[in-house]
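Coming up is one lone chain in structure tokens, specifically the form predicted alone.
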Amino acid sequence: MCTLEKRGNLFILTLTGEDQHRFNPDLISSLLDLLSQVKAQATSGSVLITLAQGKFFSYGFDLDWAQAAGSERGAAKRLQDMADLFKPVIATLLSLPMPTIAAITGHAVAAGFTLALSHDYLIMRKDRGILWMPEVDIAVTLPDYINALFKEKIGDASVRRDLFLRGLKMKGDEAEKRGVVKAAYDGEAEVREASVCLAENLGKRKWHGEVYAEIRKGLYPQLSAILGLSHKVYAIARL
């Protein structure tokens, strides 16, 4: 389902396979386990890149798994369970003691878009892939932490309106133009190369990981509060 590779100070977390990488309890558990390993092995100069194989970065929650409950009430319960299980993934990324990069080489939809946006930097391809929040089209409301994430990460209210209330399918060029992603490149190889280059440049700064994480949490106070993340004050002079 997913793998973790370590190249020096660079961690590469990959959603493996050619499927849609839909989040069910098993995949969420695997993600949390690998992120815990990243956090445990973090050193000064560490950076995380998250990417996916195949056509999809992730198509969001596993709705087939939810529907397999066999009833409308059971499906709704499973969907809520997935949202609850996914919340610690976002909390872990927000508190990870290193810079994080999402290399989006395919469709990032709903919870898949949420996962990508939980990283510090998003790098996307132009020739294939979309960012899409389809909840208004499929009649599903959003958990409070996802609302907070988008509000604090995407400052332009008109962009959030188009994503949430129009179900806009945003391609790489538009995502870059509207400030949702850092940059968009022509193909998968270029996205991977740019992500590694950015990671190496960030890693050279060798920032104090815990300080980096606390500054990040302070940037997103509403999200941090919803996720139950406390904010610590560090005084470490390196001048």
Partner chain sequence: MCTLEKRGNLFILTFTGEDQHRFNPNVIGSLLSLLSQVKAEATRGSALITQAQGKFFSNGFDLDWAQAAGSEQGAAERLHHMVDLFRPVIAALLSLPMPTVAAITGHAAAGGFALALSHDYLIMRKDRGVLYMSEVDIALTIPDYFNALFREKIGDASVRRDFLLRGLKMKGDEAEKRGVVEAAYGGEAEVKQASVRLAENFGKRKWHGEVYAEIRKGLYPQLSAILGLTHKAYTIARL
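Because the structure is predicted, anything quoted here is derived from the model rather than measured. Positions refer to the first chain, counted from 1.
The same protein also has a form predicted in complex with the partner chain, omitted here; what follows describes it.
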* Just to confirm, D84 within 4.5 Å of the partner chain in the predicted bound form by heavy atoms? -> no
* Does D127 reach the partner chain in the predicted bound form, with heavy atoms at most 4.5 Å apart? -> no
* Asked: How about Q67: is it within 4.5 Å of the partner chain in the predicted bound form, going by heavy atoms?
  -> yes
* Looking at the partner-bound form in the predicted bound form, is S71 within 4.5 Å of the partner chain by any heavy atom? -> no
* Asked: If we take heavy atoms and a 4.5 Å cut-off, which stretch out of 143-151, 100-108, 113-121, 85-93 is in contact with the partner chain in the predicted bound form?
  -> 143-151
* Looking in the predicted bound form, is the partner chain within 4.5 Å of a heavy atom from each of L4, G17 and L34? -> no
* Asked: Does anything in 163-187 come within 4.5 Å of the partner chain in the predicted bound form by heavy atoms, and if so which residues, in order?
  -> F164, L165, R166, G167
